[in-house]
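Taking the form predicted alone, here's one chain by itself in structure tokens.
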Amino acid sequence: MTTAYRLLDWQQPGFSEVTVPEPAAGEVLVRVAGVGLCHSDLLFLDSAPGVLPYDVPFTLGHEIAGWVDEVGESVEDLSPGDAVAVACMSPCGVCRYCRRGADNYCVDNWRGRGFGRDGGLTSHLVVRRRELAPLGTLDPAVAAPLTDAGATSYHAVQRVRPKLQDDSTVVVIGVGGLGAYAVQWLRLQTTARIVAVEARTERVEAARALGAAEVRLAGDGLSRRLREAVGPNGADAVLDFVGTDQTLNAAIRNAATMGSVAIVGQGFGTAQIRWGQLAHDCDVFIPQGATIAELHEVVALAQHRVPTGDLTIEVEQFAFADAPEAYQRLRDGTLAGRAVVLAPT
């Protein structure tokens, strides 16, 4: 037996004893190092009965990394002790989206580890081999946020990269858990000028250090002030990692002709899209997660860029017993980086 932090019933999280699973053929038993906490976890924690299509209880936590503890039959390319990142979702591999290589839109991805299925806030979990990305020398207790915050932002950046030329401007709204990675992916993979928007004054210098050429504070008049930063032609891409009424309207009003607006943040805001407000041939899309192939790309980038200091993984680590405090810090918005809860010892 081991301990897990679970959603015991709706709106009732807590610690509970669970059985350590055993890997079947094609599976790997992963000894968890750390789990990053995501704002979407708060949706699971706060939802009333009947809102989400999940059965409780289940173990929370979908940003997971650790070490191979045991391999099942037919797994020959991993060994105990290997550091691995765990994909957030468990795609079926056979639906129309999986066959297209878009397994982030698999028909089974309405639930996954930490949302409807047992997640990583425990000591061990079983994962199919194809849902693991070897980390090499990266520390899994630090690298866990790459599996969602890093990969989801990467997916969004890849979607807009074809729009970005040498003279382009791109806007990143919200330089928190996901936006901080987006700024870095843009700096590493494009020559576009990056304008960041952040509500917290203490994050302004951090945004600049990560790669933003200019930072504007959120608040009243954001759309107008953002126009001053991007210029009259607008931004070729706007990545909104907040998603409130204010940020969505600022994003749509400041996107360029033939540009893109990515609505990544689950702020549940609304905005008008009409003639004269959205530029011609401008895409507006809501991305979901990342493919397993993209997770491998993210890990490969991190393996090369973290040791040289070109990529920063901002984490604030918490002991397993302090998981409730970590979630409260996430709710309060007082984290310097991604909260990572270490596995129970």
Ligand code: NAD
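Don't overthink the numbering: it's just position in the shown sequence, from 1. Keep in mind it's a predicted model, so treat the numbers as computed, not measured.
Absent from the display: the form predicted together with nicotinamide-adenine-dinucleotide. The rest refers to it.
Among residues of the shown chain, residue 91 is not one whose heavy atoms approach nicotinamide-adenine-dinucleotide to within 4.5 Å in the predicted complex. At a distance threshold of 4.5 angstroms between non-hydrogen atoms, residue 40 is in contact with nicotinamide-adenine-dinucleotide in the predicted complex.
Not displayed here, nicotinamide-adenine-dinucleotide is approached by residue 265 to within 4.5 Å at the level of heavy atoms in the predicted complex.
Within this chain, residue 47 is remote from the site of nicotinamide-adenine-dinucleotide in the predicted complex, having no heavy atom within 4.5 Å.
For the options 122, 152, 254, 184, the one in contact with nicotinamide-adenine-dinucleotide in the predicted complex, meaning a heavy atom within 4.5 Å, is 152. Proximity to nicotinamide-adenine-dinucleotide in the predicted complex, taken as a non-hydrogen atom within 4.5 angstroms, holds for one residue of 208, 117, 200, 225, which is 200. Just one listed stretch, out of 192-200, 138-146, 71-79, 122-130, contacts nicotinamide-adenine-dinucleotide in the predicted complex at the 4.5 Å heavy atom level, and that stretch is 192-200.
Shown without its partner, the chain has 287, 288, 289 in segment 280-298 as residues with a non-hydrogen atom within 4.5 angstroms of nicotinamide-adenine-dinucleotide in the predicted complex.
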